[in-house]
Ligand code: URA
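As structure tokens, one chain now follows by itself in the form predicted alone.
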Amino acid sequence: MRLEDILFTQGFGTRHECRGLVALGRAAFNGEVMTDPDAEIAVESLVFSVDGKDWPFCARAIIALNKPEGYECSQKPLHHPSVMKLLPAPLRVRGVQPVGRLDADTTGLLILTDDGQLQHRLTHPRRHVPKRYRVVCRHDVTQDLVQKLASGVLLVDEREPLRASDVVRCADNVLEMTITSGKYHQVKRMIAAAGNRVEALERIAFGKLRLPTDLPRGGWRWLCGPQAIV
């Protein structure tokens, strides 16, 4: 692939801007500064840098973000800043989008990608991709609450009861639960319908990917591919 095209596909500006980055010697490819924008190089396992910052070449970007509280999963947020502000400019330019949404007051694992097929695969209702949450409740977690969540609760405007595929009591007022659908405010509404209230909510897993314990709030990292999630 041409050097100019490499930078362009990875979100480093317009073609003219990317051509200039190469010509001015601001980009290196596998550690070598190359100044001919039309020169070609293999992209397999390529690591390039712009202004000294290393980037892996990824045909499709797949990102794991540890979402903090107070951010909206929207390009046009209404009341809080967008989670996109937590990402560097090249990822925003290339058009990564959140896979599903977390409420502004919900923290934890958020996947972002510019892969439309993966986005569809992870969010389509028929796929039943599991999402696991750690829930801090206002009142103690009783066995009755756990049983209701596991057997199913009927939410307003829903025709069928929604159930958690797995529920575990972790502490007096803390539980973990897994759902395979993605209804509006689903976890909060299920907890309320079962007779309690959510005080804090964190997504700790999406598919087979668990929130990395060493990823700080607001931090992000590359994922090696869809196989890391499903």
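What you are looking at is a predicted structure, and each value in this text was computed from that prediction instead of being measured. One-based numbering along the sequence shown.
Another form exists, predicted together with this ligand; not displayed. Remarks below refer to it.
Peer 1: Out of the stretches listed (167 to 175, 32 to 40, 47 to 55, 186 to 194), which one is close to this ligand in the model of the complex, meaning heavy atoms within 4.5 Å?
Peer 2: This holds for exactly one stretch, 186 to 194.
Peer 1: Only one of Ala28, Ala61, Leu201, Ile204 gets a heavy atom within 4.5 Å of this ligand in the model of the complex. Which one?
Peer 2: Filtering the options by heavy-atom distance leaves Leu201.
Peer 1: From the list Val141, Val96, Val99, Leu102, which entry has a heavy atom within 4.5 Å of this ligand in the model of the complex?
Peer 2: Exactly one listed residue reaches within 4.5 Å, namely Leu102.
Peer 1: Answer with yes or no whether Thr106 is in contact with this ligand in the model of the complex, where contact means some heavy atom within 4.5 Å.
Peer 2: Yes, Thr106 is a contact residue.
Peer 1: Although the partner isn't part of this model, could you tell me whether Tyr133 comes within 4.5 Å of this ligand in the model of the complex, counting any heavy atom of the residue?
Peer 2: Yes, Tyr133 lies within 4.5 Å of this ligand in the model of the complex.
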